[in-house]
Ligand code: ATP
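Single chain ahead, written as structure tokens, the form predicted alone.
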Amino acid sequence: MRQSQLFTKTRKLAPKDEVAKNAQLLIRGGFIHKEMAGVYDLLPLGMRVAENIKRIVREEMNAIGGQEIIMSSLQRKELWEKTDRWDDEKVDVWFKSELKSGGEVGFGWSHEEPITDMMKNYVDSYRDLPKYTYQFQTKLRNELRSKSGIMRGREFVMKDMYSYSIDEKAHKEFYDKVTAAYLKVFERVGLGDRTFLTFASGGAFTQFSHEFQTLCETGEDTVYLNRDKKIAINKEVLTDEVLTQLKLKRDDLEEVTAAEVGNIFSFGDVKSKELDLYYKDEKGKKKPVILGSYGLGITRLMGVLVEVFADDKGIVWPEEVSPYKVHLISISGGNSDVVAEADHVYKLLAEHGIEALYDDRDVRAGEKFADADLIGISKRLVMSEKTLSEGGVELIHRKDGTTAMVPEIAIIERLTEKK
């Protein structure tokens, strides 16, 4: 992408009513557009980051046997009434609407009910199990307050997976696989050393659950962390009973601020009994299916990455989620040879499948560098009269600012080398 053709532009200031750092920087960098409180549009740069996060998550979900689907956001009232989760007193985040033909529908904040009802078409015998399905889908939640940017929105993209197993033993085995897969996701996006499995309340889902909490100064949760055991307890469930269950001592826990980036729930056979999802075992006996639910916020994770890694100049994307592999910047000063060489490098990158954002704009060098710092692409290649005279390009790493002169012949190798 030539930056001159990118329809978005950077801005010096964020909207006055935007208080969250992640949203301020993402708006200024041209990644998102704010529609209203808690509602944001993904722009081209933001789409690329979100798709990179989804790619990582998709790879890890597929690796443990997940099959991708996508379901409707419209929810049948009668289905949720069966499980007693339609009532606003029980679930207070519903968006609901009247149908012109009569009746009421909801807009999906979660999908346990419809996907479990759907599974009745595909599960009859023990031979039909297990089944693991997941989707990337826009969720709608009528949050009372939305002041954390894309970390807590009224509309957001989530990966939700659902597992259907024959018994608790099989369910627990898969539950542990998902836990490991989630930790691998957070490792790949650069948050592995600061994200911890956390014991928490199930809220509108179950009595208890597990969360994945990332240490973050602007997070909304207080958790108590045991670094040695790499486990934490959410403040809301910190009791002597829970400490005993987890074999932890209060004095060994450190109080930290964190942001929830994922959660997993065990529903047991409750949903299956409520929605009549049964299978026949080897002896022909009718038994309820065991359900697990696993959520991971895609746009939420994007916001957390900004909060955790941004510096005083702008966003700093980890390499695996960076919107482009490299930011190519031409500082020509009117020198046509520099422009020609930058065009040549841009084509060279494309020929080797390396996606680049090419700043070919006719603006001052200072503006280009300031925009590059704000946008935060992990690697930067700079072409100038100086680099032209030395027969190469300047490679700059956004994370630590380290620089190196790279001969043109070695550009591809340096950008594709394994660390």
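The numbering used is simple: start at 1 and walk along the sequence shown. Please read all numbers here as calculations on a predicted model, not as lab measurements.
FYI, the form predicted in complex with this ligand isn't displayed, but the following is about it.
By the criterion of a heavy atom within 4.5 Å, V306 is excluded from the residues contacting this ligand in the model of the complex.
In the model of the complex, at least one heavy atom of G297 sits within 4.5 Å of this ligand. At a distance threshold of 4.5 angstroms between non-hydrogen atoms, E274 is out of contact with this ligand in the model of the complex.
Taking the partner from the other structure, this ligand in the model of the complex has no heavy atom within 4.5 Å of any heavy atom of E341. For the marked spot (I150, F156 and G262), a heavy atom within 4.5 Å of this ligand in the model of the complex is present in each of the three residues. Residue heavy atoms within 4.5 Å of this ligand in the model of the complex occur in exactly one stretch of 141 to 149, 161 to 169, 224 to 232, 313 to 321, and that stretch is 141 to 149.
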